[in-house]
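Have a look below at one chain only, the form predicted on its own, in structure tokens format.
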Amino acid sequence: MLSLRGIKKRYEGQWLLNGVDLDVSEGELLCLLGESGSGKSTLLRITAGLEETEAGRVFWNCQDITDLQPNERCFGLMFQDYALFPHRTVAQNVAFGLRMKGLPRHEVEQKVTEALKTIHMASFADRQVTELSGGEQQRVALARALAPDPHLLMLDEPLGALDHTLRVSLIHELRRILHGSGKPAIYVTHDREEAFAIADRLAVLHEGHIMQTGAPELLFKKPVNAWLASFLGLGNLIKAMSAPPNTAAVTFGCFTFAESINLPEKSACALLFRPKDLLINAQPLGAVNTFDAKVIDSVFMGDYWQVNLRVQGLDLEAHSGQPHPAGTSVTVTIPPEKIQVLPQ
């Protein structure tokens, strides 16, 4: 439905967006994920027509809409601060876009009622928005964006102003509402947990380009490089030098891995050791992929103990079913099939 091709935009003399290609399918909930300042919001504003692109084109349903005004695109944009009118009621806020379209009063009232039912706030119609909690205001802003029946919905850090507990409670409700609307949507966030919880598909923006796209499971299991694995917080990343076949050397040993990867000898790479795959005192000394480490601390995390290790000045994190006293030496093993080798 939406296609962005070769989008470019400079900021302070540097390329913020440098040839971005992005597609959103019918009914798809795409999450645009990236660090603060990576250009996510700028890309949304270009899509909405609020900013001009320096190069590239915007297509909707195969039609070039790059030169259309924002009101001609029929896209809905929900901002982080919600931009609700404090002097108006909930119903009046939701009705705003409908009245701007010049719809008859009875049709406006009908669509406002339907929109408030969608977010389970029909009984709040006559409330002032200043009387609502942050989560309730967020839902009203979403209803206002959905009410005019936009072709595409864009949400810019919609939960960013809420505390962590409220974000967690709202994320699944938000996914339900967006899927229920049947509208394609772009959801912008820098929060990795939020992105994985809400998205049908992720697109990670970095240094002006889309680094990788795919289902959350794909990016979790097969990040395209070490930067992405680090950004997603997937585990311990250790600089290594390839030593074919299927081995790589790090500062504290040589490790064998099962996956087949074509790396020339002495190529710089990174080994990904996920914390849950590091086995403490589970193998006899001298077993393959085994090394000695010192325990720095053990922290109870509910389902597991997070064991912080140090080996030759490098800090690693492992997950264990039991605590290990700080200061003790342990033997750590990682099975070859659990090691991932990633380009730097």
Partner chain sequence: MDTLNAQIGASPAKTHKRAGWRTFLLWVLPVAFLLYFFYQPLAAIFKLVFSPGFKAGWQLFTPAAVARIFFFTFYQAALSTLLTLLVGLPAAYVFAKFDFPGRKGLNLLSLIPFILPTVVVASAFNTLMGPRGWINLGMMALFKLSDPPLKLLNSLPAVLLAHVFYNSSIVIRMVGSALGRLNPRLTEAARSLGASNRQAIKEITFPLLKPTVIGAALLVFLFDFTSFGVIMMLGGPRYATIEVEIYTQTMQRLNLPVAGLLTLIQLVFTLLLTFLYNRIKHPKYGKAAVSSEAQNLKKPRGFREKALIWVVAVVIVLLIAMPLLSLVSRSVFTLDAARGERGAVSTGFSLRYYQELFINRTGSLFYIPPIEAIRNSVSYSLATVLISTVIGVITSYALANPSMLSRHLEPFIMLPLGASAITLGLGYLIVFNRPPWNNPSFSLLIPIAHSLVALPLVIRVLLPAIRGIPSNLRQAASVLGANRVQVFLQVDLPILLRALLASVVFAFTISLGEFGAASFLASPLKPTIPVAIFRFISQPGALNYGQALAMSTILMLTCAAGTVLIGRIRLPGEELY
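Positions refer to the first chain, counted from 1. The structure presented is a predicted model; accordingly, all values stated were derived computationally and were not measured. Take the two forms, superpose them, and find the largest set of C-alpha atoms that agree within 1.5 Å; that set is the rigid core.
The discussion below concerns the form predicted together with its partner chain, not included here.
**Student:** In the model of the complex, which of 117-125, 202-210, 220-228, 86-94 comes within 4.5 Å of its partner chain (heavy atoms)?
**Tutor:** Heavy-atom contact with the partner occurs in 86-94.
**Student:** Of Arg99, Arg274, Lys239, His151, which one comes within 4.5 Å of its partner chain in the model of the complex, counting heavy atoms only?
**Tutor:** Looking at the other structure, the residue within range turns out to be Arg99.
**Student:** Pick from Gln69, Gln312, Asn61, Ser36: which has a non-hydrogen atom within 4.5 Å of its partner chain in the model of the complex?
**Tutor:** By the 4.5 Å criterion, the partner-contacting residue is Gln69.
**Student:** Looking in the model of the complex, any heavy atom of Leu155 within 4.5 Å of its partner chain?
**Tutor:** Judged by the heavy-atom cut-off of 4.5 Å, Leu155 is well away from its partner chain in the model of the complex.
**Student:** Taking the shortest heavy atom distance, is Leu50 within 4.5 Å of its partner chain in the model of the complex?
**Tutor:** Yes, Leu50 is a contact residue.
**Student:** Is there a heavy atom of Phe75 no more than 4.5 Å from a heavy atom of its partner chain in the model of the complex?
**Tutor:** Residue-level check for Phe75: yes, a contact with its partner chain.
**Student:** So in the model of the complex, is its partner chain close enough to Glu259 to count as touching (4.5 Å, heavy atoms)?
**Tutor:** Answer no; every heavy atom of Glu259 is more than 4.5 Å from its partner chain in the model of the complex.
**Student:** Are Arg139, His172 and Asp191 jointly within 4.5 Å of its partner chain in the model of the complex, each by at least one heavy atom?
**Tutor:** No, the candidate spot makes no contact with its partner chain.
**Student:** Sequence order please: the residues of 108-147 with a heavy atom within 4.5 Å of its partner chain in the model of the complex.
**Tutor:** The stretch 108-147, when checked against its partner chain in the model of the complex, contributes Thr130, Arg144, Ala145 at the 4.5 Å heavy-atom cut-off.
**Student:** Any CA movement of 2 Å or more for Thr130 between this form and the one not shown, core superposed?
**Tutor:** Comparing the forms between this form and the one not shown, which are aligned on their rigid core, Thr130 does shift its C-alpha by 2 Å or more.
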